[in-house]
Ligand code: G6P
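First, one chain by itself in structure tokens, the form predicted on its own.
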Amino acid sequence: MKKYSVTIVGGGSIRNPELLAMLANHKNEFPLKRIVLYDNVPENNELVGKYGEILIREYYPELDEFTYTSDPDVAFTGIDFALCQIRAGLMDMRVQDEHIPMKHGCVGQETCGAGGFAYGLRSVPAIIEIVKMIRERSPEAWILNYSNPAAIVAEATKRVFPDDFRILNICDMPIAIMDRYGELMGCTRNDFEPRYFGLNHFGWFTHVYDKKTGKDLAPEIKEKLKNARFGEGNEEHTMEKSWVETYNFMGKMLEDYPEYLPNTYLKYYLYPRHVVETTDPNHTRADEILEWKAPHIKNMMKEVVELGKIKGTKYDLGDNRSVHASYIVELAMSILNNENRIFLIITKNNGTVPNLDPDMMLEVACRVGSNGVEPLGMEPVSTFYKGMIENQYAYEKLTVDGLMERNKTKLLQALALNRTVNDTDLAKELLEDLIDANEPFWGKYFK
């Protein structure tokens, strides 16, 4: 059996303990010979790397090599997969992304609105540089990119690498939502075959088919969702109060827009006033992570490193079921084994939804195999959804245009179009503040 080489780009991420656990738990289906953690912040990479050495020693002794590095030659030479989850600017800049819009009375969110705009302008150059480094060293490697904001990143990579079908831009949010559907229906997301359309963090499920019977379960899920009250749990997206509220808000969106099942992130675009009124401008999601989640995971890794073991401790892996990690492994296996399983992928429209721009980077259901993605065609979308998507895509396109052309007017146009801003004078004020905060990154080009 062939074994594969994987590099995790953004090796210092606090999400990587679960990803390493998932790789170890799926070693029979997805056999590896080498795992590399790559990060340009060595101190973050080192902690995850030392933790990973123990995990691999105890749970994956068959692995030939595990290493962590900041050297592109070590990280990207001769690899089969690059799993990209970078955060340009780290958490310090995420705090700015969320706090600055709130100061102006706008939605302060990591990937949506003005915050997602600033984050996207940082992410695009970083991702392009990483893809170029990988392609210089491993021309045939599959690059599975789930760095946010995925819609803006996908728009940029489409332009810079137009013929590279081995770059797949993906997101685990719709998968996490299907996990919630599974809770309601007494099954798991693997029992579903979804149909979905939209832009990343800006889409709708049209159908949720039962894999065995072919029955569309969407009508039943809608009825259950209207009365559902999700509580705190153990999975990443349901641990904190803010995520519980986000999932429960899906029922409210369905009451107002009953045609399709919504992505949770539509809350920020359809109800921006509610979001602003119910958010503490000095304590956003980024603050929650810095106060609890990040220290919790880092302390866990430090304790494991001090103990020198995971097995037999309270951190014993068991059966790791993270949505984020399992989705990546399932996608890789579908590519390697030419399984042509259905995943939600961000890909060029090219007529998939016939009445939308063919150049638009849509998130839709695709069959995925060894030759890349094959989108499943859909019927035309109605006026409301067409208007929503075209407006959002214009914002995304202008954001990338403005960065690549060093055109400040286009950045202003992008913010003015965004549904969480929708005012030129407000967009001007936001843009100046974001330029100042991002001067070490893209801001320096617009001074």
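The first residue of the sequence shown is number 1, and the count goes up from there. Quick caveat: nothing in here was measured; it's all calculated off a predicted structure.
If you look for the form predicted together with the ligand, you will not find it shown, but the lines that follow are about it.
*Asks:* With the ligand left out here, work out from 67 to 75, 328 to 336, 191 to 199, 171 to 179 which stretch has heavy atoms within 4.5 Å of it in the predicted bound form.
*Replies:* That would be 171 to 179.
*Asks:* Given that the partner is absent here, does residue 226 sit within 4.5 Å of the ligand in the predicted bound form, heavy atoms only?
*Replies:* It does not: once the ligand is placed as it appears in the predicted bound form, residue 226 has no heavy atom within 4.5 Å of it.
*Asks:* In the predicted bound form, does residue 157 have a heavy atom within 4.5 Å of the ligand?
*Replies:* Residue 157 lies outside the contact set for the ligand.
*Asks:* Contact between residue 252 and the ligand in the predicted bound form at 4.5 Å, heavy atoms?
*Replies:* So residue 252 does not count as contacting the ligand.
*Asks:* Can you check whether residue 265 is within 4.5 Å of the ligand in the predicted bound form, heavy atom basis?
*Replies:* Contact with the ligand, yes.
*Asks:* Heavy atom within 4.5 Å of the ligand in the predicted bound form: which of 309, 283, 103, 293 fits that? Just give me the one.
*Replies:* Checking each option against the ligand in the predicted bound form, the one that comes within 4.5 Å is 293.
*Asks:* Which residue, 243, 161, 269, 343, has a heavy atom that falls within 4.5 Å of the ligand in the predicted bound form?
*Replies:* Looking at 243, 161, 269, 343 one by one, just 243 meets the 4.5 Å heavy-atom criterion.
*Asks:* For 135 to 162: residues with a non-hydrogen atom within 4.5 angstroms of the ligand in the predicted bound form?
*Replies:* Residue within 4.5 Å: 148 only.
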